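Below, in structure tokens: the form predicted on its own, a single chain.
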């Protein structure tokens, strides 16, 4: 358990909050795909911590990006620079890469968070990738501020028409990339239905896919069993918090 001090806060769009926190231990240990459990509030209400993915980590700082969806994230939204957060982490496993790419990165909505961290890591190592990011509504396009100034190969989609970006799903632009380029591996994070679509789509079947799964969690340590996924082998379940959140898509039972 650590105390992390908020050193930067930004509001992105109507619903998203971006924090930069100073906590040297978490910042030095964090890898792309990992998350932290954050306590919202001073007392017992709300009781459970919130699992939040790590957006990036460098030197003594790491960043969080979250959507305000309920009481806990509503409390966090009201914090400001100088406030402290009670944080446990980093937790879970991380993405892996065993070759030099190129890689296809796919982020749907809030799935931007771990994929953004992965893009940072690949870029620092000069490994090539294409970053596909998609949103359901154009208000979420405000999150593209995070990509400003990045010398990354980015393809953007929005399901709601906007003249600045491709109109469609993130999988539409990902399929275009697959038809135009060769990739050694795919990394993805997004809603469960997006991951399911990829798991059953023959166009994605020829490449290894590592997926970061989103889930509600009570503990973050594999004790409460609130975030399990059935294994395709039929031998039990993955705990997303403990054996994930990064799991090979082909190993999950759909």
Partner chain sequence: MVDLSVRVGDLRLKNPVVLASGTCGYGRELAKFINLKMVGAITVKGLSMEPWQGNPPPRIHEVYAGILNSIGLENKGLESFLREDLPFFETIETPLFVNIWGKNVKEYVLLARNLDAVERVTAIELNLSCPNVEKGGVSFALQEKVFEELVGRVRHSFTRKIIVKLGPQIFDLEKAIQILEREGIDFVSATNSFPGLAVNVDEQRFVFSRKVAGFSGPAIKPLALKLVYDIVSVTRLPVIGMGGIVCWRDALEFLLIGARAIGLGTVNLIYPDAAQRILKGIEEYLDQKGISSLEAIIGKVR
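Computed from a predicted structure; not experimentally measured. Numbering follows the first chain given and starts at 1.
Absent from the display: the form predicted in complex with its partner chain. The rest refers to it.
- Partner proximity in the predicted complex, defined as non-hydrogen atoms within 4.5 angstroms of its partner chain, places exactly one of 195 to 203, 60 to 68, 36 to 44, 22 to 30 at the interface: 36 to 44.
- Although the partner is absent here, residue 242 sits close enough that one of its heavy atoms falls within 4.5 Å of its partner chain in the predicted complex.
- Residue contact with its partner chain in the predicted complex: residue 223 places a heavy atom within 4.5 Å of it.
- Residue contact check for residue 230: one or more of its heavy atoms lie within 4.5 Å of its partner chain in the predicted complex.
- When contacts are judged by a 4.5 Å heavy atom cut-off, residue 216 counts as touching its partner chain in the predicted complex.
- Out of the listed residues 88, 178, 121, 155, 88 is the one that sits within 4.5 Å of its partner chain in the predicted complex by at least one heavy atom.
- Contacts between stretch 159 to 185 and its partner chain, counted in the predicted complex as any heavy atom lying within 4.5 Å, involve no residue at all.
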